[in-house]
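Next up is one chain by itself, shown in structure tokens, the form predicted on its own.
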Amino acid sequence: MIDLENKVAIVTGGTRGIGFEIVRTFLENNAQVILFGSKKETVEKAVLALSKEGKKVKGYAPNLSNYEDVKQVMDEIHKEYGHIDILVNNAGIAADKKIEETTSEDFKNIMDLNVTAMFHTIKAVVPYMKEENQGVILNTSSMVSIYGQPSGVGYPASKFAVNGLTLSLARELAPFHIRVNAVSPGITKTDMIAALPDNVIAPLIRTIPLGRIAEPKDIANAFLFLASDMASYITGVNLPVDGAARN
């Protein structure tokens, strides 16, 4: 077990899929966790599900596109817990429209949640991490940030931006002992993927040298490692967790 005892962690996009598994995994390893979701209802549902497993977690639904809203919630969390040690930026949206079908609003919405929201959460917690002279910021990127995708240009563009943000902030914040890394999940068995028929899943699996789709726990464990002191000399890294399914 990796011990995150006495660590306070915030996980955005923590109500389902990979984010929910990150929350669960951090809790299993003794962190105090606050999850963020896009809606009050989904936050309450996630908190209830974890409480039924005997896990205590708190949840918020701030508007991540509004810096003042984000800062207010971060300030409230800091006031309650006294410190913020780990920030996981997992909230995001994807798209697969061709460029001719993608509107300016579509593109802006993706960039707002996948990049600007991440900027807002980081900007809000960095002063607190600097006070403690330590901290960990982890950003969810994607394997398409490495080689792109054949449609839905906004999503890989946003993840390329996430990589640039990660690498630059790793250098900027290193003097304050704040580590900044990214994780690039491959195809993962979230609800959306699990609902696909076998004739769609099978060709996907054939592209993965390890011969299977990732479980959310596979991705969460990568976040756990990077959040822990075992990764104390790792910063500015984008860690692919994709079974070697790279082009």
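Sequential numbering from 1, following the sequence displayed. What you are looking at is a predicted structure, and each value in this text was computed from that prediction instead of being measured.
As for the form predicted in complex with nicotinamide-adenine-dinucleotide (NAD), it is not shown, yet the points below apply to it.
Asks: Given the stretches 135 to 143, 165 to 173, 96 to 104, 79 to 87, which is the single one in contact with nicotinamide-adenine-dinucleotide (NAD) in the model of the complex, using a heavy atom cutoff of 4.5 Å?
Replies: Careful reading of the contacts points to 135 to 143.
Asks: Does every residue of T25, G59 and A222 put a non-hydrogen atom within 4.5 angstroms of nicotinamide-adenine-dinucleotide (NAD) in the model of the complex?
Replies: No: no residue has a heavy atom within 4.5 Å of the partner.
Asks: In the model of the complex, is there a heavy atom of nicotinamide-adenine-dinucleotide (NAD) that lies within 4.5 Å of any heavy atom of S38, even though the partner is absent here?
Replies: S38 belongs to the contact set for nicotinamide-adenine-dinucleotide (NAD).
Asks: I'd like to know if L50 sits close to nicotinamide-adenine-dinucleotide (NAD) in the model of the complex, meaning any non-hydrogen atom pair within 4.5 angstroms.
Replies: Residue-level check for L50: no, no contact with nicotinamide-adenine-dinucleotide (NAD).
Asks: Examine A91 and determine whether its closest non-hydrogen atom to nicotinamide-adenine-dinucleotide (NAD) in the model of the complex is within 4.5 angstroms.
Replies: Because a heavy atom of A91 falls inside 4.5 Å of nicotinamide-adenine-dinucleotide (NAD) in the model of the complex, the answer is yes.
Asks: Contact between I187 and nicotinamide-adenine-dinucleotide (NAD) in the model of the complex at 4.5 Å, heavy atoms?
Replies: Yes.
Asks: For the stretch 5 to 25, return the residues whose heavy atoms include at least one within 4.5 Å of nicotinamide-adenine-dinucleotide (NAD) in the model of the complex, in the order they occur.
Replies: Residues within 4.5 Å: G13, G14, T15, R16, G17, I18, G19.
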